[in-house]
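What follows is one chain in structure tokens, specifically the form predicted on its own.
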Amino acid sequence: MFTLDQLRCFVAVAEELHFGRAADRLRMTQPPLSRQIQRLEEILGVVLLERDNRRVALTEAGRAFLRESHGILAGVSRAPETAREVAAGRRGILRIGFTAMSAYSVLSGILSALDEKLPSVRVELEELVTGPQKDGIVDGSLDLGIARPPFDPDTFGSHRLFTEDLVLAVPSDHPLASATRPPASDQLAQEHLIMHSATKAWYFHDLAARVLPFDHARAVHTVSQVATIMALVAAGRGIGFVPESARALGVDGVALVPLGKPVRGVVELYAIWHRESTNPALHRALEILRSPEGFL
């Protein structure tokens, strides 16, 4: 393999098309410069320069190699600063997992803040529910998650990003849509429910079960996505519990009804990461997320 010194010698001669001027430019004498060019051509197995006593000219192979050489030397020149930028977290890759609903609350604000404050960090996104996000953070395929609690505090660092109310999604022509007070337990007991799955959407399922009295036997459909609940409510299949941010889905034919004090601010969204992560870009991103001015 050729050396960087040989590459620099070739570039100097190729640009000057004169061994004497190239030697002066490199602060060396002509004999060792000629030997470097000869050795480079031997390594490559091609003639790069045609030369005689009167002229030096690039061959076609030489012209092609010169273009590549400029790129290699430019990369070598950038490498130390790039390494320093990566080590400082100002450059690199940040792989973020996010829940579907976080795209309607915090995700755009986070991305805008990262674009503004870490413009040389490339952000890669993957939409995942909380369980696979935690798996990805543990196995290293993700750096940061935007996910629902709880988390093992020994494994994950976390920072609460957002809280919102749990509300009731009902068809817009339903009597509850025009009620002036939150629905009572006996009213909910009469309704067909569209529930979150206890296994695939356990966070919302357990949240509703914990803070609201309802009869599981009234569940007519069990689904895993907030958007699906909204679509089924619009179709008149029943009513369902959703986060306030579901309003941003803009589903026609659905009204969101407040449920009152017990469920105000109970829906939480966190940034999570592995406590032993060594990605400097992650730590710079966490500084932004935790900053007093916030990101929203």
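Residue numbers here begin at 1 and follow the sequence given. This structure is a prediction, so every number in the text was calculated from the model and none was measured. Note that the rigid core is defined as the largest set of C-alphas that superpose within 1.5 Å between two forms.
In what follows, reference is made to the form predicted together with the DNA, a form of this protein that is not presented.
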item	value
Proximity to the DNA in the predicted bound form (heavy atom, within 4.5 Å), stretch among 265-273, 241-249, 223-231, 31-39	31-39
Contacting member of Val257, Val56, Leu44, Leu66, with respect to the DNA in the predicted bound form [4.5 Å, heavy atom]	Val56
Any non-hydrogen atom of Arg51 within 4.5 angstroms of the DNA in the predicted bound form	yes
Close approach of Arg284 to the DNA in the predicted bound form, 4.5 Å, heavy atom	no
In the predicted bound form, His18 touching the DNA (heavy atom, 4.5 Å)	yes
Per-residue C-alpha change between this form and the one not shown, Arg237, threshold 2 Å, rigid core fit	no
Residue shift check between this form and the one not shown, rigid core fit, Arg21 Cα at least 2 Å	yes
Rigid core superposition, Cys9 Cα moves 2 angstroms or more between this form and the one not shown	yes
